[in-house]
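The form predicted on its own is given below as one chain in structure tokens.
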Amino acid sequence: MTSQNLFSNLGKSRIFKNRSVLVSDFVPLTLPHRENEITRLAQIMSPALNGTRPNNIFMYGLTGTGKTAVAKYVSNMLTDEANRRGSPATVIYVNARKDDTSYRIITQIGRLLDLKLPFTGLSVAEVYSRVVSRIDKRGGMIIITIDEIDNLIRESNLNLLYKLSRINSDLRNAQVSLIGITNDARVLEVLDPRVKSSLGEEEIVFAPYNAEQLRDILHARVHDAFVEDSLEDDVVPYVASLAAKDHGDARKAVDLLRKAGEVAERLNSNRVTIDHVKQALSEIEVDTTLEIVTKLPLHSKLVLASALELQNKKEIVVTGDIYTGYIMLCKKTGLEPLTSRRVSEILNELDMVGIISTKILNRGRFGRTKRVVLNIKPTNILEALKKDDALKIM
């Protein structure tokens, strides 16, 4: 087969009209069921157009509730209006999970302000000083949006967060406002009271979407994303119902709809069906598990492996049993086991990324412990663990 024949029919989709409408960072022209949050954010940010510093804002809500989309949507509108008025207001966006160290975050802020900075070689303090000088030279209002700001609320990054919360004391000719976006409403609880009061001047809470709202969100994208009549009528309601059960996650709903279209395309089908959605869901679960688990440190994998083995043997799995199983796995692999306290921290980390769920159990005079439940299919976890040569023992 020639290369011309190989590619002659590729790229001509019978399913997708515009696949980019269904990618996670796409900001649609309309955001159904977030009108109140859009209006509230716009009201808080609007003083920037007149050269007045808006209050700092914290935006809370579970994953896929529209926080990032609303922030980008309103920021784009403010930028357009600032350009129309000739107002010196600038909005920049960084993601604290993607740029996951103090150096990367402050360097990214600087680059978005057209400041040339090296990838390495400077201290955080030096980069911060250069960014402050750049902001003061530009003047006007700068609004810095920090998505997944909870990644900054770690001991290694707290100093930068403190500096950013007090940055206006270092400025003469400019002002800065901060927008923090987080999935965890508890993040402010661990902060120094001075930082907490500064960052949380305004708060916007995003409730999960219900199935009906998710249907509206998906229908809003279907027209632009898919070729006409390429989806069976029950596909969108089905995808919406699945996402509604998963904490109303619109992002997962959109991803699942796109993946179902790709499955249909791969199978050379003219229409997306519920069977394609089911296959897409299975593939997403495997892909997500593989991505998360394969990137875990070895000891975290061993803790997870211990929980996995116990789930096959016991109805209720608790942390003490997991630690015992973990020690046995360490002996098999020739590793020195971590302390029970560190293993407890690892379980908390696995809980945070959604691999497991934990619940406090009160055992009366025997004290309290945590019950651990796997959130992902055991077969998917096992497949991901076996990617590590050190775990071929399983």
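When you see a residue number, it is the position in the sequence shown, counting from 1. Since this is a predicted model, take the numbers as computed values, not measurements.
One more form of this protein, predicted together with a small molecule, exists but is not displayed; see below.
Only one of 30-38, 333-341, 351-359, 46-54 places residue heavy atoms within 4.5 angstroms of the small molecule in the predicted complex, namely 30-38.
With the partner omitted from this view, the residue of Ala250, Val239, Leu199, Val131 that lies near the small molecule in the predicted complex is Ala250 [heavy atom within 4.5 Å]. In the predicted complex, no heavy atom of Asn168 sits within 4.5 Å of the small molecule. In the predicted complex, at least one heavy atom of Ile217 sits within 4.5 Å of a heavy atom of the small molecule.
In the predicted complex, at least one heavy atom of Thr63 sits within 4.5 Å of the small molecule. The small molecule is not drawn, but in the predicted complex it has no heavy atom within 4.5 Å of Ile144. Annotated contacts: Lys17, Val235 and His276 are all free of the small molecule in the predicted complex [non-hydrogen atom within 4.5 angstroms].
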